[in-house]
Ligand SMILES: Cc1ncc(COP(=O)(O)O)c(C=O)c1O
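Just the one chain here, the form predicted alone, laid out as structure tokens.
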């Protein structure tokens, strides 16, 4: 009979038993899968233990907003995948970036950003303008403009493979230029994942990913993560905790579970993406395909230097510049579905002009070429001939 049962056996209050009697001895052997620590608060034996946990002298948990063992496990995993000293898990990719911006920027600072950034990232940077933080956007291959604008800049914001035009920056060169100016380099690596790129190896200071996407890979969590040197990440961790930018234990557990198949999924999806890019490029109703693994892509040579194990699982293509063309394609598809996210096991399409970049002005979308016939595809792990047949049939109805 366990000690806990003996302790509670003498209690005659049903209400007290209902609150405190759910106890079990800790097993000496560990489970294969980490438990989910679904608790918002944690107990302490005394004030000395409170001090020890707060100071980091003793491993422990304080409050859900400060992180649980599930958060720490995911952070250790993400840091390891990128060869980083530390990582911070947040509630989404945008909360992770927001934590970085709030921790590393102050009034009067300047940010230089790729002109091709994800629409929400651009919007967050514009929001910071209200607090006296200026943002300038530059084409990633305009090195003269980059060098000029980086003078006096506090932070350079890039994407390994841009959303949605799949532009690939010369990370080694841009990191050297930025560091020469004393500028911090932050890279959104969501489209590539650690399987295709580890930006820290090219000189980036902080790498961020929406863990919702390829790390988790099953479209059932909302999470983000940042990794880098401990000294850079501790202020980010503090901001995330203070402002409640963290996720919950179950989603951390799901992200860790999903990451176990990261390499298998990415190898299959990337191989599918290259084949589909070549297939779409040969279709008469497709005006243009954007995929860094195609020789027609402007960053084809750069991608061979920055990306490994293929050119990742994201591509974009253009139909005629009309909503009718897109709707005709969508109505004819069976396996490929429209979903305004990416990185899952199934192949999906999204429409930047009405989703990720709808909050940009028409002039800004036009400058990026994001017309009504522009589609972004997240390639999954399905059977390739099935995907090709599905697209071929749907294109015939456009």
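Positions refer to the first chain, counted from 1. Since the structure is predicted, the reported quantities are computational estimates derived from the model, not experimental observations.
The same protein also has a form predicted together with the named molecule, omitted here; what follows describes it.
A.B. asks: Which residue among 165, 265, 213, 198 has a heavy atom within 4.5 angstroms of the named molecule in the predicted complex?
C.D. replies: It is 213.
A.B. asks: Just one of 223, 186, 87, 150 has a heavy atom within 4.5 Å of the named molecule in the predicted complex. Which one?
C.D. replies: Result of the distance check: 223.
A.B. asks: In the predicted complex, does residue 102 come within 4.5 Å of the named molecule, counting heavy atoms only?
C.D. replies: Judged by the heavy-atom cut-off of 4.5 Å, residue 102 is well away from the named molecule in the predicted complex.
A.B. asks: How about residue 208: is it within 4.5 Å of the named molecule in the predicted complex, going by heavy atoms?
C.D. replies: Yes, residue 208 is a contact residue.
A.B. asks: Given that the named molecule is not shown alongside this chain, does residue 191 nevertheless sit within 4.5 Å of it in the predicted complex, heavy atom to heavy atom?
C.D. replies: Residue-level check for residue 191: yes, a contact with the named molecule.
A.B. asks: Contact between residue 98 and the named molecule in the predicted complex at 4.5 Å, heavy atoms?
C.D. replies: Outside the cut-off, so no.
A.B. asks: Among 90 to 98, 268 to 276, 254 to 262, 296 to 304, mark the stretch whose residues have heavy atoms within 4.5 Å of the named molecule in the predicted complex.
C.D. replies: It is 90 to 98 that comes within 4.5 Å of the partner.
A.B. asks: Are there residues in 109 to 133 with a heavy atom within 4.5 Å of the named molecule in the predicted complex, and which are they, in order?
C.D. replies: The stretch touches the partner through 118 alone.
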